[in-house]
Structure formats: structure tokens, C-alpha cells
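Only one chain comes next, encoded as C-alpha cells, the form predicted on its own.
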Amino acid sequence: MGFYVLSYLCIMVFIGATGYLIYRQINLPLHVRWEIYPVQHEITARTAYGGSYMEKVNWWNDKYENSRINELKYMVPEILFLRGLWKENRSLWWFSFPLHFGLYLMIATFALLLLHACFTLGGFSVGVVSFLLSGLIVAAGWSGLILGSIGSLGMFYRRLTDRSLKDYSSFSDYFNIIFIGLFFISALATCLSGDSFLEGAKAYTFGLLTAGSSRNLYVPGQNVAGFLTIVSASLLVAYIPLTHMSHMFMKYFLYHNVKWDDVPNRRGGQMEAAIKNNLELKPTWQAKHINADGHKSWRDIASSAPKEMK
């Protein structure tokens, strides 16, 4: 039962930390507009050359339109296949891609395990659906573990040997790679040591849904590899939202609320109110020419004459 308690606590930490990150992001002051194009949710006719709806004469009189399809056409290859890294640093992509895609496949595997457990609870533990789910669990699980193991070992090696990465790698960067690698390698060892169909993962997930009830005959952590898999997986769930690795889901806000934010600022709208609120903030920048002493607001600074530099 101790393993299940650990998993429950880690899931609670994940939910709480993720909720706090999203709450904090939503309540941050309005960002400074980037005004960098192309914006991927523009209509197809303009994304072809990186244009903007602001090109049109009197654009403010027209209805604001965007394309979620064009947005997804950009985001899916970028998130799943690291298209940007493939273009800019292909040698690093060969290790970074399997690491990230391995994590994505583990998330997919866990979702399939939960679905399989729900079907089992509903009395559908046998049949075509259960058979298909079991096949998908094995395919996604093995693929994710192999890719993740290769990626984590490869990225650790690159950080140790590549001067361009080594000079900018902190202790936490090495720790994160080792932590993730521990999960992948221990889980892969568990499967190789006699659980090729991930029956242990199915039983443990079922136990999570039933709080380790007597219906679940599986006893977790029966060997060292299984013990390490459960502990490392649980702790990793709690650890990710507490570190910069939360970028895997928080970058949604970077793209939509910062990089691609081209919502028009209309009189009397929410954006105008947010801008007015920003103008009342009192900065404490050290740059002397700004004269931000913590007492003057941005409104005062922006409306005053520039301070002469000597």
C-alpha cells in the first residue's frame, strides 16, 4: 500500500503545482507585444508570406479572424517532432527527439493503462476492445522505453562531451537527465526481466484506481527494477512541474499569450484595461536613464522628459 500512497501524493503535487503555475501565468501583468511575424494562426493566404491582418486598410473595422487549423499544422510537428531543433541543430536532435518522444509515449501509455483499468472495472477485461488496448499499451510502452533510454543516455553523453553544451550545463541539467534516465532504464529492465506484456503496469494502474483493493492481486515492487520504476515514475510526476521541465506544457502560454498574441486593442476592452493597469506599476530598474526608483509609475516615467546621461 505504501507504493500507492507515494503515487497518490506525487499526483497531488503535480496537480497542485501545475494549477499554481497556470494561475500565476494567467494573473501576470500584460506582456510586451512582440510584433514578430508570421503568426501561425493567421489565415492561409497570409501565412504563406508571413503577413498580418493589420496590413489591410482600416483593419480595425473588420471582424478579427484566425485559423486554428494553421496553428495546429505548425504546433503538432514542433511539439511531437521538434521541427525547430531539426532545422537549427540536427546533431542534437538525434538524441533530444527520442528523449522527448519517449516521454510523450509514456504519457500515452499511462492514458491507455487508465483506460484499460476502467474497462476492467466495468467488467470488460476480455474481448476485442481489451485485446486492442493491450496491444497498444505494449507497442507504446516498449517504443517509449527504448526511445527514452537511448535519448536520455545520449543527451547525458552530449552534455559531458559537447563543449557548447557543457559550458552552459548546470547541476540541475545533469540531475534531470539522470533522473529521467533512471526511470526509463529501470522500467525497460523490468520489462526485459519477465514482464514483456506490461502486465505489472496494468495491475499497478488498476490498483491506483481501486486504492490497492483485494481485487488487485499484484504486489508492486517485487524486484529492484520494479521498485525503482514505481518510485522514479511517481517522483518524476511530482518533480516535473516544480522545475523548468514544466515547459513541456507551459509553453502553450508562451506561444498563445506572448509570441502569437495579435488580438487587437480596442477601446474599452480588456486589453486597454490591462495596459492602464501596467502603467500604474512602479518599476525598480537599476538603469539610471529610466529613473525607476520604485516610487514613480510607468505612467510618470513615460510622460516625463528623458533624463540626461552624463
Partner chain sequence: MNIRLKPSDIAKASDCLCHIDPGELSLLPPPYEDFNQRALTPLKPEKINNIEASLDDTVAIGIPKPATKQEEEALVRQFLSGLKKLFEKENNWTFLQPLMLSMEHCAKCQTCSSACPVFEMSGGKDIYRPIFRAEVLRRIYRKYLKPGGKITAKLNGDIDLNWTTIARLAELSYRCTLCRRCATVCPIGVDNGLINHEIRKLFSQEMGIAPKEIHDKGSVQHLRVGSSTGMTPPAAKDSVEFIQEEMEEITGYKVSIPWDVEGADILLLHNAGEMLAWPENVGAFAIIFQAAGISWTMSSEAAGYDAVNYGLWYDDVQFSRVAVKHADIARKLKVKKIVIGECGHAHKALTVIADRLLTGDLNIPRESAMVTLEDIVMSGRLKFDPLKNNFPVTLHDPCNVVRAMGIVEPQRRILRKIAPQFREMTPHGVDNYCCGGGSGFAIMSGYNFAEWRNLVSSRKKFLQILKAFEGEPPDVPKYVCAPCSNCKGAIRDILHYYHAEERSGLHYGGLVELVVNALAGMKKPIIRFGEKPSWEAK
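Positions refer to the first chain, counted from 1. It should be emphasised that the depicted structure is a prediction, and the values quoted were computed from it without experimental measurement. We call the rigid core whatever largest set of C-alpha positions still superposes within 1.5 Å between the two forms.
What comes next is about the form predicted together with the partner chain, which is not displayed.
- At the 4.5 Å threshold, heavy atoms of Ile15 stay clear of the partner chain in the predicted bound form, well away from it.
- Mapping the unseen interface onto this chain, Phe171 counts among the residues with a heavy atom inside 4.5 Å of the partner chain in the predicted bound form.
- At least one heavy atom of Ile301 is located within 4.5 Å of the partner chain in the predicted bound form.
- The partner chain is not shown here, and in the predicted bound form it never comes within 4.5 Å of any heavy atom of Ile43.
- Residues Gly181, Ser193 and Phe206 are none of them found to lie within 4.5 Å of the partner chain in the predicted bound form, as judged by heavy atom distances.
- In the predicted bound form, the residues of 6 to 30 lying within 4.5 Å of the partner chain by at least one heavy atom are, in order, Arg24, Gln25, Leu28, Pro29, Leu30.
- Once the rigid core is used as the reference frame, the Cα position of Lys282 differs between this form and the one not shown by 2 Å or more.
- Taking the rigid core as fixed, one finds a CA shift for Tyr252 smaller than 2 Å between this form and the one not shown.
- If you fit the rigid core between this form and the one not shown, you'll see the Cα of Trp298 move by 2 angstroms or more.
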